[in-house]
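In structure tokens, the next block holds one chain alone, the form predicted on its own.
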């Protein structure tokens, strides 16, 4: 069983917090990897929040491909962070030759472009980079977006943390929202793209569990948006449904639960919004999911939420203090990094709600 976690704070946090959160849940590790998405960046990236940062792991050939493509499109590099890696004998990590975290200014022809036009440019560029590198596995591009950094690697989480010198905190590499997972979906091949969290156009999702409606979801989603690619994990469908519902259809987050796990007909028919619920179920039936799972998601405004399957067969707990909220598959993870909290206020989300953390760190429970 996978282990997932998320930390949202009013203060900037170092990713060592996420590593400690995951490390305390060791029974969920099988050394298939560790991945994290950092959003609302601080430290060395704080002054570049409006500019896109490329997160890429690649070979030397892949680096040349990326540099040439971005240069041809007119992107101008303004900053780069090169992690000081530290390989030691016996480390369990399948490291790539290069890790690229570079921030760019937009091409000059996009100086007067709208936000949507810039976002389309970033999406299309990332997809082009992926397609160009995918055939010969010369590189893996995880995100190309403002105020976001993504790191994915295969191996033991602690060795990954040691390799990137992320086990000890500092003020230079921080964020206010960090989502992380240990262990890939091992029903499929172990590849870097399959590692959670998944990211697309400001939306993040990660999951613990399975989606037995994967093929139905995939076949439908493949027709909906050019960015719905890969499908290396059945859990990737959770991200695409979130993105489609919230960004493409512009529906409120509250509808997400109604799409993925609709209310039984005998309950829905008694509600004032029964007509809307039946319309959702009819039009988006192919986005319904099945199987034991817990999903953590984040929106472009850094709203954080968690939702469980209709039978509540995968665990999740929410712990919080005045300035920090933590989601964890197991309570030991929260104990590790928030030992001072009031444990009696911990929340164990049920099968018919969404637990939402807004920008002010207010914890809300939305009943389906």
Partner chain sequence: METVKINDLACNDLPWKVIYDTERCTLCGSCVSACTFGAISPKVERRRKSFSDTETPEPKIKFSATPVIAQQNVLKNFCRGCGVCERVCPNKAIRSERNPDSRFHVVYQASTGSGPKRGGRNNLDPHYRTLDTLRVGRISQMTDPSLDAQRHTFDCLAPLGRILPAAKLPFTVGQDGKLVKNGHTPPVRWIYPVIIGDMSIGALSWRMWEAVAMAVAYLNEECGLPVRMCSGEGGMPIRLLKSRYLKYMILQIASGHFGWNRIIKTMPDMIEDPAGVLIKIGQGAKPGDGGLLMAAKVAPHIQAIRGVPKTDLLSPPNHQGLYSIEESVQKMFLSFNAAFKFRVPVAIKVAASATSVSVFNNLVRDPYNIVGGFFLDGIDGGTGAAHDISLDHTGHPVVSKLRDCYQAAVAQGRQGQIPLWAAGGLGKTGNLAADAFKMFCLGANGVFTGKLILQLAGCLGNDHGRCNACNTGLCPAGITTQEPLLVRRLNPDRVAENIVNYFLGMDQELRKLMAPIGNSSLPVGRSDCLVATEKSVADRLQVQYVC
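Quantities reported herein were computed from a predicted structural model and do not represent experimental measurements. Residue numbers count along the first chain shown, from 1.
Although it is not shown, the form predicted in complex with the partner chain is what the next lines describe.
Q) Which one, 168, 136, 219, 171, lies within 4.5 Å of the partner chain in the predicted bound form by heavy atoms? A) The option sitting close enough to the partner is 219.
Q. Just one of 225, 281, 73, 118 has a heavy atom within 4.5 Å of the partner chain in the predicted bound form. Which one?
A. For this set of options, the contacting one is 281.
Q. Out of 258-266, 139-147, 118-126, 96-104, where are the residues with a heavy atom within 4.5 Å of the partner chain in the predicted bound form?
A. Among the listed stretches, the partner-contacting one is 258-266.
Q: Answer yes if any heavy atom of residue 275 is within 4.5 Å of a heavy atom of the partner chain in the predicted bound form; otherwise answer no.
A: Answer yes; at least one heavy atom of residue 275 falls within 4.5 Å of the partner chain in the predicted bound form.
Q: Look up in the predicted bound form whether residue 155 has a non-hydrogen atom within 4.5 angstroms of the partner chain, and give yes or no.
A: It does not: once the partner chain is placed as it appears in the predicted bound form, residue 155 has no heavy atom within 4.5 Å of it.
Q) in the predicted bound form, does residue 132 have a heavy atom within 4.5 Å of the partner chain? A) Outside the cut-off, so no.
Q: With heavy atoms only and a cut-off of 4.5 Å, decide whether residue 288 touches the partner chain in the predicted bound form.
A: Output for residue 288 is yes: heavy atoms within 4.5 Å of the partner chain.
Q | Interface residues of 295-322 toward the partner chain, as seen in the predicted bound form [heavy atoms, 4.5 Å] | A | Going through 295-322 in order - heavy atoms within 4.5 Å of the partner chain in the predicted bound form - the hits are 311, 313, 314.
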